[in-house]
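In structure tokens, one chain follows: the form predicted alone.
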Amino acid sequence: MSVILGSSRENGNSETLARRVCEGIDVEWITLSEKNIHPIVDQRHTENGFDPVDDDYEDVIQQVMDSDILIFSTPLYWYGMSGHMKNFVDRWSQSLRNTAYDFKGKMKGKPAYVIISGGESAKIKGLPLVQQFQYIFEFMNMKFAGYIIGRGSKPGEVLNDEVALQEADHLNRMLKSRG
């Protein structure tokens, strides 16, 4: 199982929820803010496809493809995913054209969860982001397995959201039972 952390703040609320979900589980943590992932240069429709990019993306996407379960954890920034997460997901277009591996085939059927944290009214204002992830997973033939939206803006504030903590604990038990 891999957790892809999209926050630009260390120990942010979305990471806090993800760590609660993964307590006692063997997890590979991918902190996108610590990776050098360039924004996409769209070459989908050029004859030669995408030019190689000298950054950490290929290593990260290999980790993602090798994982059996994925958790995407991001703060709600301007009603969408973080820039780190968006750059990463945008680069999936490059992987779809990469002939060195079958990206879509490796992602097919993979269960994916989404963890979001945000400020005021996050549980409503975060729903379009949940839907965006749902569309991404649907396109990739992945299994959208569930989501948690926690309320928290200042560091540690999500720990006051009892509903989100209960949902995190429930998901933790469920993931542990999968063995």
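Keep in mind that this is a model prediction, so the values were computed, not measured. In case it trips you up, residue 1 is the first one in the sequence shown, and so on.
Although it is not shown, the form predicted in complex with another copy of the chain is what the next lines describe.
Enquirer: Quick check on this chain: which one of 42, 59, 34, 54 has a heavy atom within 4.5 Å of another copy of the chain in the predicted bound form?
Expert: Result of the distance check: 42.
Enquirer: Of 65, 27, 69, 136, which residue is found within 4.5 angstroms of another copy of the chain in the predicted bound form when only non-hydrogen atoms are counted?
Expert: Looking at the other structure, the residue within range turns out to be 136.
Enquirer: Is residue 86 close to another copy of the chain in the predicted bound form, meaning a heavy atom pair under 4.5 Å apart or at it?
Expert: So residue 86 counts as contacting another copy of the chain.
Enquirer: Is it the case that residue 110, even though its partner is missing from this view, gets within 4.5 Å of another copy of the chain in the predicted bound form, heavy atoms only?
Expert: Although another copy of the chain is absent here, residue 110 would stay clear of it in the predicted bound form, with no heavy atoms inside 4.5 Å.
Enquirer: Does residue 101 reach another copy of the chain in the predicted bound form, with heavy atoms at most 4.5 Å apart?
Expert: Residue 101: no, not in contact with another copy of the chain in the predicted bound form.
Enquirer: Check residue 15 for me: does it contact another copy of the chain in the predicted bound form (non-hydrogen atoms, 4.5 angstroms)?
Expert: Residue 15 lies outside the contact set for another copy of the chain.
Enquirer: Scan 78-97 and write down, in order along the chain, each residue with a heavy atom lying within 4.5 Å of another copy of the chain in the predicted bound form.
Expert: 78, 79, 80, 81, 82, 83, 84, 86, 87, 89, 90, 92, 93, 96 sit within 4.5 Å of the partner.
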